[in-house]
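Presented below, as structure tokens, is a lone chain in the form predicted on its own.
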């Protein structure tokens, strides 16, 4: 056995002559000590959940049929007839929810630690792009089920898009593939979900990680870190094992959710019957509530303004710091924004 392993090692050295120094340097790269707290390295958690999404999504595409006459039936077969189909679909569903939560919490962490400030403004904007891609992932994936609520949710979303100033009509028509939600809509959502969005998020993640490598991680020091002689720890085995433990805990959480709360299925889509109550997925509750308490135009413009504010926040923060140095105004504004988001989300959930 040892002889065969030596032969394999010699073959790899010849076929893939990567210097051992490269692996030694990567594995021993120092990581800031504050990343021992898992909530400071939620990017790794999101990456792990994204990998689960990719694997389970690929398995589901073997049986899913992106056509209005067969979409719901194919999801029904996956859920109730194909062996272990309910397991794969449930893992895909719950990992998507946890993925969205991890990305949102990561954005919160970066905001409240000021890690978006110079020279990391561009990386913050890239991160916002990833957040928008993740939310769109959730929307398109939910719509592909083609049940009653998801169909009418897509219809409402298209109608809202139509109210975007100047380009709303074009965006809504492109989104629907016509004047109404029909087979072209489902095909477009499917292409976005399995091709365009994965490509976009892969490109954004590559740029995001590259900028992190070039600029480094924002280093923070805490009171209980003073006992350590150095502010860094090796990537391997310290940080690697910590991430492995976190991934194992997440796998246990997903297993619990899959077993006790498996993915179900509502009524099939019916274009001629409007449901009494239309609700989006929980991560759009705050937007839905905002639209309900405002006019349609104000609701759409307000949502767009909030998204633009988030993307360009590093530059707005710079102006605030210039005029009000040391006042922590950005922190208080962030607390108010999150409190509003939570109030709107809970409000919509309880109604």
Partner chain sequence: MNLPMEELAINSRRRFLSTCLGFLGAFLAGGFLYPVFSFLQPPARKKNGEIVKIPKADVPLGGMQRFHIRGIPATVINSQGTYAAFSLVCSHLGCLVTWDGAKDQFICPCHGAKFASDGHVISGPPPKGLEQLKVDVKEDEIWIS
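What you see is a predicted model, and the numbers here were worked out from it, not measured in a lab. Positions refer to the first chain, counted from 1.
The same protein also exists as the form predicted in complex with its partner chain; that form is not shown, yet it is the one meant from here on.
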| property | result |
| --- | --- |
| Option from 173-181, 97-105, 74-82, 192-200 whose residues, in the model of the complex, bring a heavy atom within 4.5 Å of its partner chain | 74-82 |
| Proximity to its partner chain in the model of the complex, single hit among 134, 144, 88, 269 (heavy atom within 4.5 Å) | 88 |
| Contact at 55, 59 and 62 by its partner chain in the model of the complex, all three, heavy atom at most 4.5 Å | yes |
